[in-house]
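Take a look at this single chain, the form predicted alone, given in structure tokens.
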Amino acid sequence: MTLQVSSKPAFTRAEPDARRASLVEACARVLAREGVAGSSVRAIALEAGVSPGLVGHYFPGIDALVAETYAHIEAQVSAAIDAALEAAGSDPRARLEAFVTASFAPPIASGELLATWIAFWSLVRSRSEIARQHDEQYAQFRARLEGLLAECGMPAPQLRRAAIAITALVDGLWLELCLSPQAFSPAEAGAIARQALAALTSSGR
């Protein structure tokens, strides 16, 4: 699986769903490369190889296109985590570790994805739709993490704080891996996360 934030498509005609998807992927690439300031309808249209008017045909404005792009990237990240969970099998501990460490490997651990997320984060304070999506994404991540922790035997009163702590650890390690991949390896990030999980789950018994 590859997150669609880098390669530029080559097309002239497409079905409506494919065209809409291509505009979302073009928006992700422009956000990653140019940031929010450079992500105009014209720039995205140029990236997608279409006219600005066609962008307006599918999206009422740049805010709607950025919001759909956020949802698209979020769905791809979730799919990568789902794949890691499936590969881990049915053992609760293996699934918990897979869920947590999936962020330290491609396609989630990538500079291009980080650049796109930075663009989204810069809009959280000014765009209510992006703020809502951000809150929902993190709530869903923590809820899934709480479920996995519960399957490993953690008592219910401890789930919320443990999930918050682990999410913060994962985010910090992921951010540093993307910013400075030479600082430490994905394997080291995974070992740190597993050590934290071991401490949290053993103290909850």
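Note that the structure is a prediction, hence the values are computed from the model and not measured. Numbering starts at 1 and follows the sequence shown.
A second form of this protein, the form predicted in complex with another copy of the chain, is not displayed here; the remarks below concern that form.
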Note to self: So if I measure heavy atom distances to another copy of the chain in the predicted complex, which of the stretches 143-151, 22-30, 156-164, 39-47 falls within 4.5 Å?
What the structure shows: 156-164
Check: Any chance residue 97 has a heavy atom within 4.5 Å of another copy of the chain in the predicted complex?
Finding: no
Note to self: residue 173 versus another copy of the chain, in the predicted complex: is there a non-hydrogen atom within 4.5 Å?
What the structure shows: yes
Next item on the list: Give a yes or no for residue 111: in the predicted complex, does one of its heavy atoms lie within 4.5 Å of a heavy atom belonging to another copy of the chain?
Entry: yes
Check: Could you tell me if residue 122 has a non-hydrogen atom within 4.5 Å of another copy of the chain in the predicted complex?
Finding: yes
Next item on the list: Tell me, out of 82, 129, 91, 135, which residue has a non-hydrogen atom within 4.5 angstroms of another copy of the chain in the predicted complex.
Entry: 135
Margin query: Which residue, 105, 87, 71, 118, is the contact with another copy of the chain in the predicted complex, using a 4.5 Å heavy atom cutoff?
Written below: 118
Notebook entry, point to check: Is any part of 178-198 within 4.5 angstroms of another copy of the chain in the predicted complex by a non-hydrogen atom, and which residues would that be?
Noted result: 178, 179, 180, 182, 183, 184, 188, 191, 192, 195, 196
Next item on the list: Note whether the distance between the C-alpha atoms of residue 124 and residue 35 decreases (closer) or increases (farther) in the predicted complex, against the displayed form; the change is 3 Å or more.
Entry: farther
